[in-house]
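Only one chain is given next, in structure tokens, and it is the form predicted on its own.
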């Protein structure tokens, strides 16, 4: 739809357009700052994520080596028996925190790390290799919990960054230019209307002056006619 079909060339509409432009530019500046802040926070989390991924990979490899060694030397029966003796499984608690207006999860794990006596199996029936494997997997679970929190935060931050970028672009490349085009149209139309009004008033003034001039001329003609008539009457009377 053409701009002239959307706005009215009035001073009231012009003031409203100017207010909307000012508000949109302020919003654009605020969103740009938010976008830049989110990107900085995301980069920090991304760096932390890389470290956690490295730890996750190394912890997984270490746990696999420990469990494979225990299976090879103590047997699958002993390993499975120790695993099935676990009385308390790890617990996950979900909370939330706010980063630049983005709510991200805060994951806390409990009952993950256990002392040797808390794992449920008999120390006399198991070897140190099983203890080492259990400890390695406890470490792996802790790293998985941290990784889950960071990866989820990254996804939410990235979604918010993309959403903010779309809003910034919509203001910068669509709404603000359209509003400025509307402002320019109204200003030009008002100038044109003002010129037309000046021209109209000038014509009215010229017409009024012409009518006054004609009226004065008619009055002079009437006076002259009256004078001539009076002189003719006087001459007739003297004869």
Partner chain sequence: MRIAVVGAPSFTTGFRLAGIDEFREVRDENKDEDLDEAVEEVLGMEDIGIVVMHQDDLDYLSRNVREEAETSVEPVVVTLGGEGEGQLRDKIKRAIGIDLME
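Residue numbers count along the first chain shown, from 1. Since this is a predicted model, take the numbers as computed values, not measurements. Note that the rigid core is defined as the largest set of C-alphas that superpose within 1.5 Å between two forms.
A second form of this protein, the form predicted in complex with the partner chain, is not displayed here; the remarks below concern that form.
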The partner chain isn't shown here, but in the predicted bound form, which of 203 to 211, 173 to 181, 35 to 43, 186 to 194 has heavy atoms within 4.5 Å of it? 35 to 43
So, residue 98 and the partner chain: in the predicted bound form, are they within 4.5 Å at any heavy atom pair? no
Touches the partner chain in the predicted bound form: residue 91 (any heavy atom, 4.5 Å): yes
Using heavy atoms and a 4.5 Å limit, would one call residue 72 a contact residue for the partner chain in the predicted bound form? no
Within 4.5 Å, heavy atoms only: does residue 167 come near the partner chain in the predicted bound form? no
May I ask you to list the residues of 56 to 78 that have any heavy atom within 4.5 angstroms of the partner chain in the predicted bound form, in sequence order? 56, 57, 60, 67, 71
Against the rigid core, is the Cα displacement of residue 179 between the shown form and the other one at least 2 Å? no
Does superposing the core leave residue 59 with a CA shift of 2 Å or more between the shown form and the other one? yes
Could you check whether the CA atom of residue 70 moves 2 Å or more between the shown form and the other one, using the rigid core for the fit? yes
